[in-house]
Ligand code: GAL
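The data below hold one chain only, encoded as structure tokens and taken in the form predicted on its own.
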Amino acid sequence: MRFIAVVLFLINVSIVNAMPGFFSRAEGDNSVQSAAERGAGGNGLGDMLAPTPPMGWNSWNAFAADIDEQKIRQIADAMVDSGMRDAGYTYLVLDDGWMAKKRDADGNLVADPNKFPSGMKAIGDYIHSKGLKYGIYEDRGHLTCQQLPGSFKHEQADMSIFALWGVDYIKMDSCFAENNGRLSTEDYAIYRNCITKTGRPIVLSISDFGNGAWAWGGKETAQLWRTSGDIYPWMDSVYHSAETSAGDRCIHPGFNGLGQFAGPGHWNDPDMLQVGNLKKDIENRAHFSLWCILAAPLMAGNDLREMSEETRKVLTSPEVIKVNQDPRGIQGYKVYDSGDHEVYNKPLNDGTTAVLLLNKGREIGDITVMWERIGLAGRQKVRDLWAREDLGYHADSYTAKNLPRHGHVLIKVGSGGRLIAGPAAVPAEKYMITKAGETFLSDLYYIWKNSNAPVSDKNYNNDPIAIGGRTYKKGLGCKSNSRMMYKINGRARRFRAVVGLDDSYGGEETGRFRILNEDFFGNKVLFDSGRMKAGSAGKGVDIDVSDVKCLLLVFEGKNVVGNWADARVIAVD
């Protein structure tokens, strides 16, 4: 949320210039499965509370905490009158700011009496009367981001009262959760169990600033999880949020996005829509196109009471929404990225594929998608999904011409029939501990990172790793506030390394190395080097990591170069 200094915006930009052949071709019948399809449906959460990405409206982007009973009733009316409900937007979610500053005498959550004098069940009943579903906000800390009562130590009572009110969807935030003394996996397992005990099917949405839920197991407890920091109503923020899910801002580029961790029943969430809050219609369409190709939840965030007809048409565009809601559940992935020009591919359930061609650059340009990049060949039928018109047959490729900044074309390619294969999954051995013995972390893909990405088997400047006059062949070279997570999956027993500033650094600043269990919220520090100076001897690390699913390596400093030399885990059968 906006007013808490827990912001994990990921600031480096890496570009994958071109990725042909990322797909694996279908062979034989219609049973081709993507990584998402192979992993779908196994979270045991009533298994299909969210078979497709949830669609609805959330109050925060339009009103922040300034919500009240009249506004919410008017929004419910507008969802019906505008055609949004019938287009698929079913959840109306009240974000932070609905509750009173204190619980009642029995310890129960109560509505702010000035904002919601009729109470929260009454507003839920009104939402339901409109054929909509009722969503509400809480925080797993002792306070919400607006410093209203959080659910910590009130988990079952709060989930039970939500069920009594008829809640269908809970957005669970994470402000102040670092004080809970629990790992995120522990926190969210508690909430899932409490929801289950109520007997009411309720969607759980993890809001944790993009803190790696796909890595540590968000799908075991929730239907969607944030992959980014908060989104704002300008395109740089929109692109940033999209790239955390689609690019390599928060995961090793070898994955080509987070798609293999999502699918029917569990979704990557790059945050809510800013459609209608952006300056230009072309920006609204580009934003919506990205969220649809990425199979992202579609939670509108504009004031529906005052939206323009053009905004309404964007939000209710039937053929574009159909891409997002495709039951196959594949998240679109990049097949081309030149920095300014991007092409995404999303194979669909009818044997066709959706393709987004997007110009992020300032110069007008043409963008071409080659059929070989998307699993097709020869002459293929092309349909423009925004214009809702056929563009004829095109041989081997299609070119979108003269696209301005934020210009885009969303097309459907093919005539249907045999399924087009989705992206091949990254094999487990590339990013997890799968064998006994010693595994160097530099031989694995990191599964989450913030700020500067590590360099494998070199220092950050691509020279040999050297600490205290000793050179190391293996390890991770880092610079200034580098944070990366490795999935060891409970297989390892020991973690060993030598940490220190690289001998090439001769400045006055210090660096600090820490190792945490899972993520920052748990505050489970397994190792802390303290502040280290240039020229200091390396410090050995040898710690027990039994039953640890994810190791979070943190290097802190100001323009400092540091090394995790010989960083490795030891596993047993």
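A residue's number is simply how far along the shown sequence it sits, counting from 1. Predicted model, so just to flag it, every value in this text is computed and none were measured.
Here the subject shifts to the form predicted in complex with the named molecule, a form of this protein not shown in this document.
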field: in the predicted bound form, Ala242 touching the named molecule (heavy atom, 4.5 Å)
entry: no
Asn452 within 4.5 Å of the named molecule in the predicted bound form, heavy atoms: no
- request: Consider Asp303 of the chain shown here, and say whether it contacts the named molecule in the predicted bound form, taking contact as heavy atoms within 4.5 Å.
  value: no
- prompt: Is there a heavy atom of Arg226 no more than 4.5 Å from a heavy atom of the named molecule in the predicted bound form?
  reply: yes
- prompt: Counting only non-hydrogen atoms, which stretch in 103 to 111, 458 to 466, 138 to 146, 471 to 479 is within 4.5 Å of the named molecule in the predicted bound form?
  reply: 138 to 146
- line: Students should find that, of Arg483, Lys346, His266, Lys171, the residue having a non-hydrogen atom no more than 4.5 angstroms from the named molecule in the predicted bound form is Lys171
- prompt: What is the one choice in Met272, Ala215, Met120, Leu290 with a heavy atom within 4.5 Å of the named molecule in the predicted bound form?
  reply: Met272
statement: Of the residues spanning 207 to 226, the ones with some heavy atom within 4.5 Å of the named molecule in the predicted bound form are Ser207, Phe209, Arg226
